[in-house]
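As a starting point, one isolated chain is supplied in structure tokens, in the form predicted on its own.
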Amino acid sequence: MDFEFSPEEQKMLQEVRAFLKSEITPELKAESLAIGYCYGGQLGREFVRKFAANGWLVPNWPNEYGGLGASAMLTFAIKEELAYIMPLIFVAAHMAGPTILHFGSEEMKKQWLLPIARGEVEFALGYTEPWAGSDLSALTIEAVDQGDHFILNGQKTFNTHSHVADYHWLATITDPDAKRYQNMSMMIVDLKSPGITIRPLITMAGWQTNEVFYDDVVVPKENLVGEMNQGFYYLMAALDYERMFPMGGYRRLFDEIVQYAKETVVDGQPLSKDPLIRQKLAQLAIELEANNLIFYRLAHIIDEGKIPNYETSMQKLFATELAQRITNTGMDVLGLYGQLKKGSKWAALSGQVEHRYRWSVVETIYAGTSEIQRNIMALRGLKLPSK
């Protein structure tokens, strides 16, 4: 099978690499890192608007909605290029936007997709609640229909980026008397609306996520996504998009660990000569290549007009647990130096191993824990009984 991109696609990828090299600065990286690999800061928003102006933010969207009509395969390659230089999380473009493209009305597509494609607006995910994490059918936040608008009351938690995003991609109960899975709707909420309070929570990785409180918040009816009370199914589709996990950032860390092993001499020989280290690094190289194939299989499914389901759980599970294996190996190779944070004069690789070690734990939790991904694979992929 031929995995090569066409000459035109290769040319575009070269242009992307050149753009990223010239536009991504240490200051931009620092700003992004401080807010959880989001582009909500001033530098980040300027960068994303420039990036999006080339059509690279959503290249597989139709031209009428700001895309290039390109393949999902090329889109995934661009995601990898960006993640290798500076990982960024795009909720509007890569999670909410594709869901609107599939399920939104023509009016909603016209209102939202072009601003998203231009990088002008960003969303924050509004799923988890104190009583509803892995089981999102247990939501309690409620939106009461008032004719031309809804009134929202309730609480969300672990809503990363909501302190810098423009809108909340919100899952809420709209029919408390209906059966489970048929009582929920998705809507887009302006985070500047009166009655919204955002309170920070700091993760073990050092970045801010949030609690969000709703107190009689008014949401226009036109901000309802798709049909009323079908939101659980839209939420599941959005989660499938969220679980498509570019490994570029961890691939770069792996490359830096390999280079460190080649250059660092211990007891008269490079670490790369140690058979145990060689075996661990070779195993990771194999797994990175395996993940690459699983990742691009998702793009192939999208190019066929489908939304991957259990396949995204496969890739998310494999990629995030591989991320932990990479950081664990980094700790082994760097020894005690690997535990030092950026800023210490003794920190190897600018403290990236220590930082990524903490971050990789979070990767296996958000968008569904590893246990949830295994359940999805068992139930939907292997058709195993639920009990």
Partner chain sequence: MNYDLNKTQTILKDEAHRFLAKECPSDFVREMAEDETGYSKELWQKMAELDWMGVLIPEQYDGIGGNFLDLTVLLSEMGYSCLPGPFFSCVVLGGLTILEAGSDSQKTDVLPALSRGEQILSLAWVEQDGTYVPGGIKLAAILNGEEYILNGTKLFVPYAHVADTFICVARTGQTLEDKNAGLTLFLVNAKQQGIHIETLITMAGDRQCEVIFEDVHVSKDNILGQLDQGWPVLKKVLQMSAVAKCAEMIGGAQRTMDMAIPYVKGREQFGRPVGAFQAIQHHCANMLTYADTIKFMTYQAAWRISEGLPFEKEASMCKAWGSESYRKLVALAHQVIGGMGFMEEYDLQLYFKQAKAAEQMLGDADFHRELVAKEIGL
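Since this is a predicted model, take the numbers as computed values, not measurements. Residue numbers count along the first chain shown, from 1.
Missing here is the form predicted together with the partner chain; even so, the following discussion is about that form.
For a residue to qualify, one of its non-hydrogen atoms must sit within 4.5 Å of the partner chain in the predicted complex; none of Lys11, Met73 and Pro246 qualifies.
With the partner removed from view, the residue among Asp148, Asp135, Asp216, Glu106 that has a non-hydrogen atom within 4.5 Å of the partner chain in the predicted complex turns out to be Asp135. Here is the short version: of Ala34, Val361, Leu43, Ala53, the single residue with a heavy atom within 4.5 Å of the partner chain in the predicted complex is Val361.
Heavy atoms within 4.5 Å of the partner chain in the predicted complex map, among the stretches 35-43, 22-30, 62-70, 343-351, onto 343-351 alone.
Contact check for Glu304: no non-hydrogen atom falls within 4.5 Å of the partner chain in the predicted complex. In the predicted complex, Lys280 approaches the partner chain with a heavy atom inside 4.5 Å. At least one heavy atom of Leu201 is located within 4.5 Å of the partner chain in the predicted complex.
At the 4.5 Å threshold, heavy atoms of Pro130 reach the partner chain in the predicted complex. Residue Phe158 is the only one in 145-161 with at least one heavy atom within 4.5 Å of the partner chain in the predicted complex.
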